[in-house]
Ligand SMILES: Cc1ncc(COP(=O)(O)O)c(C=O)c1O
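As structure tokens, one chain now follows by itself in the form predicted on its own.
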């Protein structure tokens, strides 16, 4: 089956709205990137990274060190500034190879990007000392790790700058965070999102929740209202300028990895910010941790499979459950065809990443499957996913 013709996931791939979001805003006591002193709401994590590199004054005269295990959105912001991108090795547990980083630092190195892969936060002590020694900016990539602690501090507060993707942890269409505990980013001026984008952001979240039957009677009522949305769109089209496309959204919101210049200097939508503000962080973390453990206990001993992490340490809020497959090409298609929500991070690495120089990154790229463990999954959905995975592997 062609990769573009797989059926849609049978259960939600990412968080979706439910009735719990209509309660009063919760107090946030869980460590997160929001603990940084300065914060800025952007449309995506890659937009935040682009702004962070600008604040680091990266130019064509510099190079930026990026993990060899990566996706395009971690590379394109540096290329946008015409700087060179150097890739460093990662270890089998996805931690940065400090020795390789040390050898690749030169006088032109301006910034180092360190990623907390899959929500498992890295110890940044050594790399922080390295950056301080060479006067290099340290950027924490928290796209996979909105919550948690690193080096005894809240995630996102150790480096000079940190970026996060709210779309991965909350039921929103758009959103990213640029944060810093050292540099004031709150004075940066961003453009207000257009009315069509604001409406699309809200409607998309409601439609997704309704499609997975999460809003009960409220969802039935909203579905009736949304049934007239085509007329609403046509009315709005006539009221906005021709340059504003009604369906225009950041590529990140639709699963793409490219960088769109038009969305870098734009605020996230009001709806997304309200959803994030009202979320119960403690509940999100505990549900993700619980779902991760359920998946781990059920899948860790499957033949031909191996968990990327042997355990989930206290304080880790996982993005997904990463599982290594001995025969990934066979099982990936089979699972997708059955509607199992599954994807591979770093599936398409930069052409500079070769098996000879970066064997670990190439192996991770091909063999690690990600299964959702987000807070919106029901027990029935978890049971169905586990049963389907087991049946597929054993057959």
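Here the structure is a predicted model, which means the values were calculated and not measured. Positions refer to the first chain, counted from 1.
Below, we turn to the form predicted together with this ligand, even though it does not appear here.
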Heavy atom of residue 139 within 4.5 Å of this ligand in the predicted complex | no
Would you please decide whether residue 144 lies within 4.5 angstroms of this ligand in the predicted complex, comparing each non-hydrogen atom pair?
-> yes
In the predicted complex, residue 252 touching this ligand (heavy atom, 4.5 Å) | yes
Residue 345: touches this ligand in the predicted complex, heavy atom cutoff 4.5 angstroms | yes
In terms of non-hydrogen atoms within 4.5 angstroms, which of the given stretches 165-173, 182-190, 302-310, 100-108 touches this ligand in the predicted complex?
-> 165-173
Quick one: from 71, 298, 130, 202, grab the residue that has a heavy atom within 4.5 Å of this ligand in the predicted complex.
-> 71
Contacts with this ligand in the predicted complex, stretch 34-67 (heavy atom within 4.5 Å) = 44, 45, 46
